[in-house]
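In the form predicted on its own, a lone chain appears below as structure tokens.
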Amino acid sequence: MRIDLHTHSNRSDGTDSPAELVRNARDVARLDVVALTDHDAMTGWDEALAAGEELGITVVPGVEISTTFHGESVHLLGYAFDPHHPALVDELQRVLDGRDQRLPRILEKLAEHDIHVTAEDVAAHSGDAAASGRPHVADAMVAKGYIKDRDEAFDGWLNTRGRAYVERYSAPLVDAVRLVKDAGGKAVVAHPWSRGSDRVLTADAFELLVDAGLDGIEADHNDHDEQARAGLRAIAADLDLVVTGSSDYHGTGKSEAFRLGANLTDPEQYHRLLG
């Protein structure tokens, strides 16, 4: 049984439609289970679930929530929750609004460096996404010939130390865990020891998150080396947390290393998490 619990469609910053993603999960990666976890959005759920039913592959509806913890960005995966839960819906909309609201300032900063990208340029790449984010800005920069790919855009311009970076609202991590649980879902910290979050996600921090209702840790991810994976598995064992693995697939929005099925979740761990 092949299980990938973290993927993105073009409803956030992936390049496959939800249906294309599910078809690729079955036909290319030979997955039995795939979770759709777009950033802060559930707009791809219906299409993905319908495709899964048609194609005979289990689709787990989910979301990747942008959160902060002690000043660091942390992503939280939520699975199989009530998509109409008022408090969670309101918080996700607040995060999405933050993406849209910072876009003009990002474009202003780029223009200060003679990189001229308009909101219309970005919208041409965000398409059906719930909000326009930094990856769509990167795609517009590529299309206009300023850079070669998304990685170059983030490394030099759009990451937290980039020349065009702008802060936006993210949900407090502990609150986000509680919201997912209140909505009847399962909460798993995504790639917890990557992108600086290892500075704050200590064993003590995970104990705090368990008290809030955390269910698991995504240990097997391309951003984690073997030492990080072993360390996260040890914490999960101490706290009786589920351990997941996933690709963090974005279609052509990320390198081949993040292909569907690049990392997998053990079936026993999957059944612990989602029954």
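Counting begins at 1, following the sequence as shown. Small disclaimer: the values here were computed from a predicted structure and weren't measured.
One more form of this protein, predicted together with adenosine monophosphate, exists but is not displayed; see below.
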In the model of the complex, Asp151 touching adenosine monophosphate (heavy atom, 4.5 Å)
yes
In the model of the complex, does Arg102 have a heavy atom within 4.5 Å of adenosine monophosphate?
yes
Is it the case that His250, even though its partner is missing from this view, gets within 4.5 Å of adenosine monophosphate in the model of the complex, heavy atoms only?
yes
Exercise: Pro135 in contact with adenosine monophosphate in the model of the complex, heavy atom 4.5 Å:
yes
For adenosine monophosphate in the model of the complex, the stretch among 116-124, 174-182, 143-151, 81-89 with residues bearing a heavy atom within 4.5 Å is 143-151
Only counting heavy atoms and a 4.5 Å limit, does any residue of 5-21 reach adenosine monophosphate in the model of the complex, and if so which ones?
Asp13
